[in-house]
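Next up: a single chain in structure tokens, the form predicted on its own.
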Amino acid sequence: MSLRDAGPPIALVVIFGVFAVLSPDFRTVSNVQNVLDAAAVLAVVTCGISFVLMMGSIDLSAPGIMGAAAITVALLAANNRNDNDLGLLAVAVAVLLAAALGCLSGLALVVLKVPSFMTTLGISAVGLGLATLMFAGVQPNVSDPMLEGWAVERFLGLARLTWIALACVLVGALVQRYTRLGRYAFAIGGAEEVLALSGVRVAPYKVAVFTMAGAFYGLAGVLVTSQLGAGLVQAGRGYDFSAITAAVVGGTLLTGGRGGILHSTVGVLLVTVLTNGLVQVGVSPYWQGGVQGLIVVAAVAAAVIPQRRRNQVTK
């Protein structure tokens, strides 16, 4: 492991140690459990966005896709709006809808040649529109025991949705390391032209990555619904930039070809620990956004400077 790869884990340990010294409440077992539970949804979103970033693309569709998935699962599971009670099937339908929206982002990118920034922003608006239509002015409150249990019931001290998030991280890491999709996502971000010249059809893999990212966002929307006990159009508000922040802090480059799921997961923990620690030591929540912004700038600078030196021509 290079020093650059070891930087985020070392920073996580240092920040945790500093807050543990400053606040006795921070180092309690219950607070560590709270940190892990708080990181669950962000970790799932970051799993999806990490694959997109590895290709050198950007994805801003998470808020809209999460909103559409949240309203869908709330209306199909047991709720106060209708007589539906599909249980786990409701979760599957919500994730499939989210995957379809992600697929649209990928198709717009490869077929229409529209930059990913604009396509995903448009798909986010489509998802929010669908969610608003389904919402119909009446909030669907969930009464499904399974969904309620994900946020309330605990196993080995952690909420069930936290274990779901850990499973997503594990699946994402396995896909990245052992499947062609994961390897090609890296290759597309590193040198897409070389990959295409070697005879690989790049377009299907781009669509597949955006589809998989959409599925992760949909599951994250379901988890938010479980936490809140209701379906909200704004269930995914702010998660796109928070996930990008976590991925970049963890070492996944915006330019692609470096980082990955485990790197981004460390970034999720780092951001969550920092947020929790600032609250524990009494720092105003209004400062937290500014602190996270400074961390992103520092992380990007730390990643770009070595590349800039390597690309210099020595004569």
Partner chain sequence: AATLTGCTEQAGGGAAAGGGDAACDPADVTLVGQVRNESNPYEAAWLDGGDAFAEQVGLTQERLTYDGDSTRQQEQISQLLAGDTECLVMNILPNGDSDTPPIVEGAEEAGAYLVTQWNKPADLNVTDYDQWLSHITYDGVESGKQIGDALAEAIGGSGGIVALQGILDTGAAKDRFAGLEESLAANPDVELLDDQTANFSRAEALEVTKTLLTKHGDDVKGIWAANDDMALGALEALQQAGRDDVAVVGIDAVPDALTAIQDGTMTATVSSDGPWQGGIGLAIGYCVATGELAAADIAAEDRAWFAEQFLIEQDNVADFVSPEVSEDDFACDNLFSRSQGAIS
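These numbers come from a predicted model, not from an experiment. Residue numbers count along the first chain shown, from 1.
There is also a form predicted together with its partner chain; it is not shown, and the following applies to it.
Looking at residue 229, you'd find a heavy atom of it within 4.5 angstroms of its partner chain in the predicted bound form. Among heavy atoms of residue 84, none comes within 4.5 Å of its partner chain in the predicted bound form. Contact annotation for residue 211: none of its heavy atoms lies within 4.5 Å of its partner chain in the predicted bound form. In the predicted bound form, its partner chain stays beyond 4.5 Å of every heavy atom belonging to residue 143. Residues placing heavy atoms within 4.5 Å of its partner chain in the predicted bound form fall in a single listed stretch, namely 232 to 240, out of 232 to 240, 165 to 173, 92 to 100, 214 to 222. Annotation for 36 to 63: interface residues with its partner chain in the predicted bound form are 37, 38 [heavy atom within 4.5 Å].
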